[in-house]
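Below you'll find only one chain, the form predicted on its own, shown as structure tokens.
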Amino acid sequence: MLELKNIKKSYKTGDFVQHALKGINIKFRKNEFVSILGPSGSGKTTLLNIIGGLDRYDSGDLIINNKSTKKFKDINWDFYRNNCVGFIFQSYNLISHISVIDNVIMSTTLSGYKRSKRKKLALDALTKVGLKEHAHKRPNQLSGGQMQRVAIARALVNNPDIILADEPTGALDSKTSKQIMDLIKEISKDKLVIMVTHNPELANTYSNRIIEFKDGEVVNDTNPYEEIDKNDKLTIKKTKMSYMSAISLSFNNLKTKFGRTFITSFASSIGIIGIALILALSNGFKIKIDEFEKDTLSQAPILISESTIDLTNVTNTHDEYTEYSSDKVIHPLKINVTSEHKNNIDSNYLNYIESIDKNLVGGIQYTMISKINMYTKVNDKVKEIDTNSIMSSIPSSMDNDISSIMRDNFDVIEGTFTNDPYALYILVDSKNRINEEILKTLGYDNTNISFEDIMDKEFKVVLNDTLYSKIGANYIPNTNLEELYNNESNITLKIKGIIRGKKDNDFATLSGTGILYNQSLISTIIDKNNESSIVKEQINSDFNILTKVPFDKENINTEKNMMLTMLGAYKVPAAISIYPKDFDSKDEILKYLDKYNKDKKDADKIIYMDQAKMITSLSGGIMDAITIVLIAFSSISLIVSSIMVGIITYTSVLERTKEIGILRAIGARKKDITRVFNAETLIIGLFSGILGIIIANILIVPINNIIYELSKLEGVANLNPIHAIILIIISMTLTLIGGFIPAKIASKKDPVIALRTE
């Protein structure tokens, strides 16, 4: 079952090398009581540690059940110690902060038994050693002999094949020693017992085989064994400490140091208290802001547009450009459009909108759109411009008083503002960038462009009578772009200014980038196109004037309107702005709009944007920013607390070094040791978080009283329960991080050295 082949072990201290074992060859029987005798330093304990898997041999081989251990990894030795070996130490090596039965149960915990099975095995083992009635006492409540009996019960509880006893009676009186030795002798009837002792009389009295050591070598063996029974079996099962066992072990340890645990938790909770109070105040002030905004934003419009675009991913090319620079250069900005929803605003929906309760609505504004046939020159060649993709109108509020609105929100960084309806403006962002697709449409490569190159750039709007010529009964579009561009009846547009949103101006930020034109431009174009021959004839025709295809009788008006829109002569609403009278009215209007979408497919739904809510989110963003800054300052104390927990955990590692050695001796893996100390930090983090939330809620009362005295705002501070839960989780996470390194240090401690620690 167990064989040592030429086992060698040396210890090196500086340049000095001590040879503890010098080629040991021993075979053991399945059932025998072996005593290893020898003076101090002869290698007895080293041999015992190697057999028990606590220490590693330098060379040779330890054969277990005819299997070599040369390729054993740490985890294999952990399994071996838990299943196959039971240790009885001279100094008992019991864990002081848990009960007698829990000390015994610990080995079965690692073996993976259920709780009921573990308890039964532990009680049976304690019964064998005569200590069942002392099961729930602490080790320090027992005598030396009783503690050694507990150690024997712990060694027996997993029914191991090998019992290793290191001077088991060294700390006992003669009477107690005899009782312990009689017990060990009884055990050896069906197990292999290997005992290290200095006492020849003890060895001769109880053992049936004595092996004498001297200077790391076997000098005598009274009953050598040559053959290993092939049928001897030694089973090695996997071991694992459950999270609950680790938590229980750590919780019991923390209870014994309650004062220190409480002070540590309180210190760690200071950061949680600060953040909890900030979140409580932020939550309360947001509620007050919402109440205030109901009065100031009650008539902000609900916007319904032809399409809604989700710009969730913006790729910033040349992002190194300086914000609000004085350089006379425009930079490209790439925008990826990830999704787009089309709103089918037809006559039915317009009728539905017009049926809204008039008492709810302060006003409705229709924003119209029409096709603009626009051309420009790129490298002396005429190019048609897709105006829908690059141009947008100046807000209607700008139409009547362009100077005041524009100067409130934008800076003119080149050119000047003008009320000229044929003036265009380039709108750039804070870094002088504009969507690169717009630049490409205007004929510029994806490079930087000077202001001088783009100012006064000309665009020609071609009217219908120039674009379409009637030949016989058909209208034919003119494809000669040069001729179209140079026609004297064209409307000439020029870029008259480059504008940029003022710094820290939210309205300007929402404007994006592009080319802006005055709303009156569209009215002028539509009026002129309505006077054209093709439009007049289309109005009086039931077919497409260009293709001669008849309109669908059921949709004749819709199709005709679409055709007139394409000809730039129909005022189709691109957006509808509904102005509620107040917030209560707004809620009713939103319910009315949602009713239209009920039971409709996604593609048929009309999606609106609540601009009041959008503006509210801006003010909420300001409050969030303030909250984040304050939380950042308070988080410093959390970081300090995390470091402190790391120090406390490391102190605990030093204090529990012997416990680490005991756990490793009974088969705990390195991972299990890490788990024990991680559990300790999690408990501290949980206690800190809960304590912090309790204290914060207590402090909220006087804080609310002070705020009321200063501002007459009642009940401002109000901690959201979800925030409280999140803060407790953060507390646990930070303490876990803080204790991670000490926990790893604990797991790497040498079990042999740890067991010698006092």
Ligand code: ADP
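Start at 1 with the first residue shown and count on from there. This structure is a prediction, so every number in the text was calculated from the model and none was measured.
Missing here is the form predicted in complex with the named molecule; even so, the following discussion is about that form.
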Proximity of P39 to the named molecule in the predicted bound form, heavy atoms at 4.5 Å: yes
Close approach of T46 to the named molecule in the predicted bound form, 4.5 Å, heavy atom: yes
Distance check, K8 to the named molecule in the predicted bound form, heavy atom within 4.5 Å: no
4.5 angstroms heavy atom contact with the named molecule in the predicted bound form for Q18: yes
Within 4.5 Å of the named molecule in the predicted bound form: residues from 677 to 710 (heavy atom criterion): none
